[in-house]
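In the structure tokens that follow, a single protein chain appears in two forms: structure 1, then structure 2.
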Structure 1
């Protein structure tokens, strides 16, 4: 198998973990996990979510790592290299399109975190009622140019990092951002555990009522496990193409999944004691971050400081994810279209800026443009998250479980026999049977077919 040995590589083991964890950790962990857990019974959701992380999350992550490290190629070139016959390289286009779509609307939400970080610093979040916070968010999100301004600013920050390359840009910033992210999480956890409602919040999160586990909880937990690890998008496969031959794939996948899950659980530890302390329902949903939590922070001693730390945390989590999404298409442009990294980064940012502008404006001057009742922002979110990602994950799982040569799998998992891996058969079994079944259920559920 032809490999590009002159290709950029992550320089340290810390860089491997920091970048892959950074790709997985994002708004889905700190924003989506708490409201999913709150809606689906707390502990019942958590235990189901953990089962799916280990049942098919880690195996598919291993599959993406194997394909990426084994080919040292972008997602399109990796499938073409491993399966020159047939049309499997078209799976790469699913990841490329999905990464651009997610980068576009994700940058809008990331821009909101910058706006709220700015408001926290200036004291504009010191309001006196929940209704006032709701009105403030509605006024901001429907403003004709403010959301767009923050979207552009966020994409500029993202551009400055990725244009510097794999080691000097992505790896260096991930090594800085991930420790800061975990430090802020721990500070928030300590504060939440000292709140009067800590006991009730922790019981809600960690004491499962197994009678609440139904089909809805299982499907939601599978979806959260799938999306929180960035599976099916090609980001992990692209990052793995920068792994050295000494990187332990199974260990790296397990550490990445465990740290990503830890961030989600810590987010629950932060939020649920707070909502129980202040008598807020844990089923608040997406409004939790931009409407409910600012009101809670405002009632704490030093409220502005907590608000600044929280939205800075969200900004870091957003940025660590968007740089990985950018790298999927940048690697494709540089290797398949023979562009320089500078031109590829400019093109990637320009595309995201165009689509991001449409998504940002879909809350105000373009809100009358809808398809099936969905705005442009909602369409980008729905198509990428509910169709392209499950499809990409399904194809990757099937490809690795049924079509990859067993000697290739063995060599990648064991580093050509230099390390012992006792779970090879379990990983293959999951890729062939367990993961495809789970992904099909998530996919059918997202399409409201079950």
Structure 2
């Protein structure tokens, strides 16, 4: 689909949903959501996250879709077409920096997935206590070269797919794999609900203690909403440039957001009952799911088969996400800087390799390099997800709400009047007022300015 510029179009509605969901569903849902929820008070985090998904997420997703389809262009070209004057292309630069930062730390975690896939195959994950799983992850993540090797391997796989322009193949594969992933998540959910810690786990996730909602919960829930929906850096805009004129923008955005959120919640329902059953602290951080999931699988009949299947599916889900984020800088280098696709892909991967190496090593030999207590890995994660994506989203919503021609918005949302959309006004209202001011308020409160 994305390999050349003749702007092919998705032929079916399912194709649209499958591709946007393929980008959205990934480590963000299964690895990042539980660890963020765990460190930010469970229910308090979930409710704040859901508010951001509906108040900002879906409207900004609609904005990215409208702008992408209306201009048939990447984020730079889109802003240039719609507003040739001004400095709007800077939003594109934010997107490029954010996409490369995310690709760097994301590849480290995708590398962990590969290690766990490998360990499931060799039987190394058949341990007998939660402490042993904890020790296993610690040993692996602080190993001098193993995590780095997997990071590099993952980036090479991503590179080969993107440079050969065979995304279509991987997308087709992910269209089959995603429903299987969904199914096995449901099976794991049922299993978790039968655990002794189920009640405690569900209470942790679903009964919010509103007094816990402070600025740090809001910043991370907002970051998670943007991260999980692949919003704020032009990924969804690029994908929407391939939508056909029949694609129903509001419906597609809503379905994508609902499926994505469902996967995150399923993941929480799998993890937290187990967390309380196994006596793990929910505030483990990035290690959480890698220490808990293998123990869940180990206790299932046919344990290692589940584990192999799961880590393989997670690897494919990560790949369809990194392909989508690679496309942002590659589209910039090829369409704006007139580089060949080969050169652009090499450049994108080379930069990610350098930063990915720093992120991988920040668990061992570079762990003494910290800013405000955060390692390089955490800084990359925090700055890109919690600051750059919402900032990008704020500019996109402000642009769509205040500067886009009203008839452009109308034509895009209603497919030139051929479909009825009841929520047009609500979307415009959010883009104009709710999203930009909301994002600024969260930023200000995190800086202790309000």
Ligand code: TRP
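Please read these numbers as outputs of a predicted model, since none were measured by experiment. C-alpha atoms forming the largest set that superposes within 1.5 Å between two forms make up the rigid core. Numbering follows the first chain given and starts at 1.
Between structures 1 and 2, only structure 1 derives from the form predicted alone.
With the core held fixed, the Cα of residue 55 is displaced between structures 1 and 2 by 2 Å or more. A movement of the C-alpha atom of residue 176 reaching 2 angstroms or beyond is seen between structures 1 and 2 when the two forms are aligned on their rigid core. Core-superposed comparison between structures 1 and 2: the Cα of residue 354 travels less than 2 Å. Core-aligned Cα shift between structures 1 and 2 at residue 425: this is 2.9 Å. Once the core of the two forms is superposed, the Cα of residue 265 has moved 4.7 Å between structures 1 and 2.
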